[in-house]
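A single chain, nothing else alongside it, follows as C-alpha cells in the form predicted on its own.
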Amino acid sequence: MINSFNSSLKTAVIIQVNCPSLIPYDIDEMKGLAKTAGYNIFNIITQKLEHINPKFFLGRGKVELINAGLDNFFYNNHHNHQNQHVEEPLESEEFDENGNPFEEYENKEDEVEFDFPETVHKRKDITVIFNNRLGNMHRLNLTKIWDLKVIDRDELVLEIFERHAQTHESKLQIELARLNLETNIIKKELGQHLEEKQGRDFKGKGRKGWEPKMQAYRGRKKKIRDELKVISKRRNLRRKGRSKFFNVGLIGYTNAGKSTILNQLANSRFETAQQEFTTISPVSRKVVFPSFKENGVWDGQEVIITDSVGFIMDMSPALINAFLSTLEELQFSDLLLLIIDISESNFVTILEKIRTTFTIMTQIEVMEIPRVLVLNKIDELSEEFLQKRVKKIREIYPEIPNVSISALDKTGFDKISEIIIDFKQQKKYH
C-alpha cells in the first residue's frame, strides 16, 4: 500500500509511461496532486517504452497484465465474476507512427497485483491516473478495456481546482475547461463509433444523436464566455482603484509557501496546507510596511499583495486559459516575488521548477516585470547547506535579486520589507 488508508478517500492507481518523447513528470508531485484531489494511492505502475503505443499509450502486454490483475483481485476477494471484465481480444499487433510494428520493451512475465481495501467491490470504484498527458483515443480505449475511470494529469488538476474553487468566476472557468475537454472526448468517441458503423461520413443516423448534445455544449460555452467578459470588465474597474498603490504579485510553484507568506505579511488567515492548489482565485490584501523618513517621521508604505495559483510542470494551455483570471492579476504587478522551496531534496528539481515558472511567466507576458527570488523554508536546512544552494542560485541567475526566508517563523521578512520598499521608491509611488 502506497499511502496510509483513509476510508474517506477514493481508490486510485498511478501509471507512468517513461519514453524519450515524453516529459519525465515527477512521480512525487503526482502523489501529492492525487492526495490533494482526494485519492488513496494503492499502486504505482511504470513502463519504459521506446515509442508510445498509438492505441493504448501503454504496451499491449501491460494493458493485459493490469486487466488480469484486476480480475484476480476481485475473484480472490469477492468471488464476483461480474468484475471479470470480458472484452474482445486485443489486436495482436499495433503500429507506430512510421507504420512499423509496435514493440514493447518490458518484461511481459511480471504480473500486476492489486491489494485494494474491502470497500472496493467493483471496477468502477477504482480510478487509474496517468502521470502523463493522454490522447482522447488512449483514454477511451483504456476505459473500454479496463471498465473503470481513466484520467490523466490535466484532468486530475481540474478535479483539484473544482474542489477548491470558491468564487463564481473560478467556477465558470473550470466549467468551461471541463466542457472543452468533454467536447473533444465526445467527438472522438462518436467518430470512432460512426467509422465502425458507417464509415467516416457524419451524415448518417449517428448525427441525430450527436448534434443536440454538441449544440447544447456550444450554447453553454458561449453563455459562460459572455458572463466571464462581464466579470472581467468589473474586475478591470476594481484594478483602476488599486492603481494608486504599489502592487506585488506572489508567483511560483505549487506548495512553495505563497499563501503562508501572504498570511504572515498581512496577518491574515487564509487556507494553507501541505497540498497543491489551495489558492484558486486571486487573493489580494493591503499591507502597510513600517518606514521612516530621514527626519524620523513615520511614513508607512502601503502596498497591495496578490497571491496566485501555483504552477505545475508543463501546465497545459487549457489549464492556463481556465484560470486566466488568476494569472491576469500578475500583469498589473509592479514587482513579482517568485517563491521557491529551497529545501527540496533534489537541487535539480528546484532549478526545473524555476524554469517552469519562467516559462509560464513568458506565456502570460509578465517577464518584463521586476522580480525577486524568495528562497523559502530555510528553517529546514543547515546554514552550510543553505549557503551552498544560495551560491548556486546566484551563479545561475546573477541578474535577479534573491532573499532567503522562513515563512514559518518570519526569518528574513525584514529583508523582504526592505526590498519591496526599495522597489516602490524607485517607481516613485507615494
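Since this is a predicted model, take the numbers as computed values, not measurements. So that there is no doubt, residue numbering starts at 1 and follows the sequence shown. In this text, rigid core is short for the largest set of C-alphas that superpose within 1.5 Å between two forms.
What follows is about the form predicted together with a small molecule, which we do not show.
Peer 1: Exactly one residue in Ser284, Thr183, Thr356, Thr260 has a non-hydrogen atom within 4.5 Å of the small molecule in the predicted bound form; which is it?
Peer 2: Partner contact (heavy atom, 4.5 Å) among the options: Thr260.
Peer 1: Given that the small molecule is left out here, which of Asn255, Gln173, Asn132, Asn141 has a heavy atom within 4.5 Å of it in the predicted bound form?
Peer 2: Contact residue from the list: Asn255.
Peer 1: Which one of these stretches, 42-50, 392-400, 379-387, 366-374, sits within 4.5 Å of the small molecule in the predicted bound form when only heavy atoms are counted?
Peer 2: One stretch meets the cut-off, namely 379-387.
Peer 1: Three residues, Thr36, Gly310 and Leu408; all within 4.5 Å of the small molecule in the predicted bound form via heavy atoms?
Peer 2: Heavy-atom distance to the small molecule in the predicted bound form: all three under 4.5 Å.
Peer 1: Can a Cα shift of no less than 2 Å be assigned to Thr260 between the shown form and the other one, given superposition on the rigid core?
Peer 2: True for Thr260: a C-alpha shift of 2 Å or more.
Peer 1: After fitting the rigid core, is the C-alpha of Ala407 off by 2 Å or more between the shown form and the other one?
Peer 2: Yes, because once the rigid core is superposed, the C-alpha of Ala407 moves 2 Å or more between the shown form and the other one.
Peer 1: Could you check whether the CA atom of Leu375 moves 2 Å or more between the shown form and the other one, using the rigid core for the fit?
Peer 2: Passes the 2 Å threshold, so yes.
Peer 1: Out of closer and farther, which fits the Cα atoms of Lys31 and Val309 in the predicted bound form compared with this form, where the change is 3 Å or more?
Peer 2: Nearer in the predicted bound form, by 3 Å or more.
Peer 1: Flagged pair Lys353/Asp28: C-alpha distance shifts by 3 angstroms or more in the predicted bound form. Which direction, closer or farther?
Peer 2: It is farther: the C-alpha separation of Lys353 and Asp28 rises by at least 3 Å in the predicted bound form.
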